[in-house]
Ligand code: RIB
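Listed next as structure tokens is one chain, alone, in the form predicted on its own.
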């Protein structure tokens, strides 16, 4: 990588509490799980770690609770070499947590309790403004207040910084607040919530992406899980096929995609190649348990990329 990208993540940090079981319990039912895993997560933090492991310099803007999870999260960021100068501890609220339930096929269900993430405000973006202006790319997700997301999108536009918005978890939006972003990257569920259109086939995905472009987004990258990813602009759309793997846990795969895509794009790779590489990086993350713990290093990624010849 000739250029070391500078990536800022303005977003969430959680602790993931992952339970593995043969099936999900019915209402009122108690069942035994097979195993439990505790790890660091949050979509913002995950994307920051993925970007860092891919070789970028990463700057995090986040809020944490004044509790054991908050202190541990700061140490976790520091262990990766992520800049935590604007990761703040807040009194009176908990750190964000995410209980995750995983079935044997890797399918997951997640409940996010935002906690201190909900206290990240536009003023925090202003406080980090001088550092943010030195970044190549700013990455955002939906686990912080929408007013902060919208403010940061405009900050990025005003300062000529590439901006990626990942609308996760899914919720309705006012596109006028977000369509100055360079890339809008939802998965199937998020795209369906925003557009009201189904995404069960490639043709439906194209229609959904077109609907998002008609809302004013510059480029849409619709991630389709095991079906690949659809890259769409007002001029064209193209399906990027997936890389076959044997998934163990799909938790965090979307974050692996976002973080690595930001790096590959920031390193100056052509857009399509950046998508293809991010698809492999995300696929590799599903072959291990957990979120950040499942993300490959850049060396491990490059080894697998060379082994597969750069093609799905």
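Quick caveat: nothing in here was measured; it's all calculated off a predicted structure. Positions refer to the first chain, counted from 1.
There is another form of the same protein, the form predicted together with alpha-D-ribofuranose (RIB); it is not shown, and what comes next is about it.
Worksheet item: Pick from 178, 231, 82, 98: which has a non-hydrogen atom within 4.5 Å of alpha-D-ribofuranose (RIB) in the predicted bound form?
Response: The residue from 178, 231, 82, 98 that makes the contact is 98.
Item to complete: Answer with one of 208, 221, 112, 87: the residue that has a non-hydrogen atom within 4.5 Å of alpha-D-ribofuranose (RIB) in the predicted bound form.
Response: Flagged contact: 112.
Worksheet item: Looking at 278 to 286, 27 to 35, 64 to 72, 252 to 260, which one sits within 4.5 Å of alpha-D-ribofuranose (RIB) in the predicted bound form if you count heavy atoms only?
Response: Stretch 252 to 260 is the one.
Worksheet item: Are any of the heavy atoms in residue 124 no more than 4.5 Å from a heavy atom of alpha-D-ribofuranose (RIB) in the predicted bound form?
Response: Contact check for residue 124: no, nothing within 4.5 Å of alpha-D-ribofuranose (RIB) in the predicted bound form.
Item to complete: Using the partner position in the predicted bound form, report whether residue 143 sits within 4.5 Å of alpha-D-ribofuranose (RIB), counting heavy atoms only.
Response: Contact with alpha-D-ribofuranose (RIB), yes.
Practice prompt. Heavy atoms within 4.5 Å of alpha-D-ribofuranose (RIB) in the predicted bound form is the criterion; list the residues of 44 to 66 that meet it.
Written response: Just 46.
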